[in-house]
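Presented as structure tokens, the chain that follows is alone, the form predicted alone.
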């Protein structure tokens, strides 16, 4: 099989996830433009290779066995701000742009609506794909439209926000794997620079105080059940500090599992299963994972 130029072999995926966990990808390609991303997808199709689109790897647990296919890392990261109307501003962002850079761009242009995302790792594409949410805000609140490549039809399409099926950390993109996010348009409102700066600082300080930022993790492991905090349920089960291999349920925030030292996916899975069992036994609540599993 003749490989697409730029494809690398046998690349450790742990280097591309915030968990610092994961086996090797048989093939790995870094797409620096929409055209390169689409070209890599079409190559995988013609070579009958399974493929996986990787953003910032911040909400992901990669199998220890790695991936026997092509991992396409989104590197396209152009962002720009446009003035559409006096009370509405538009930001266009490619899927590989860092969410943190988007927050900074909005703040630089005195735009409000993204302050809550300060300190959240990952890319814009991943944030839209998962409808990332925090502090009663979510990407659904600011997304106007999403540009996608529909693999099943080999076409580029634009999907309006109302058709994205945004729900609590759910979207059409999680359910329809053929829709690959290329870019998105966000709609923000003018704000006051000082207030935006204060809000950003507030959220960054909160995360510094309450989240285990000194260790690799994938963020919150579970979605919050209706009306209750998953972290509180886990804490009330006495599971803070419980370890498996190199992984540990955070002593700072029980809905985080951290990589203390060379943790493997199997260690994290062991703790996830323990948490689900204990919470079910004690509260009769079935926790559902927020993180995505990327298996071989």
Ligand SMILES: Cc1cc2nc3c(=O)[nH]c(=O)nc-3n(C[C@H](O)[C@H](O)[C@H](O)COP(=O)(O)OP(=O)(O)OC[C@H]3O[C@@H](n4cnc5c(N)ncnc54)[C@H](O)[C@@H]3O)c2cc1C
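Residue numbers count along the first chain shown, from 1. Everything quoted here is computed from the prediction, not taken from an experiment.
Beyond the structure shown, there is the form predicted in complex with the named molecule, which is absent from this document and is the topic of what follows.
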Option from 106-114, 177-185, 197-205, 152-160 whose residues, in the model of the complex, bring a heavy atom within 4.5 Å of the named molecule: 177-185
Selected contact from 249, 40, 263, 53, since only one has a non-hydrogen atom within 4.5 angstroms of the named molecule in the model of the complex: 53
Site test, 122, 127 and 292 vs the named molecule in the model of the complex, non-hydrogen atom cutoff 4.5 Å: yes
The named molecule contact in the model of the complex: residue 244, any heavy atom under 4.5 Å: no
Distance check, residue 255 to the named molecule in the model of the complex, heavy atom within 4.5 Å: no
Proximity of residue 219 to the named molecule in the model of the complex, heavy atoms at 4.5 Å: yes
Any non-hydrogen atom of residue 60 within 4.5 angstroms of the named molecule in the model of the complex: yes
In the model of the complex: members of 132-148 within 4.5 Å of the named molecule, any heavy atom: 132, 133, 134
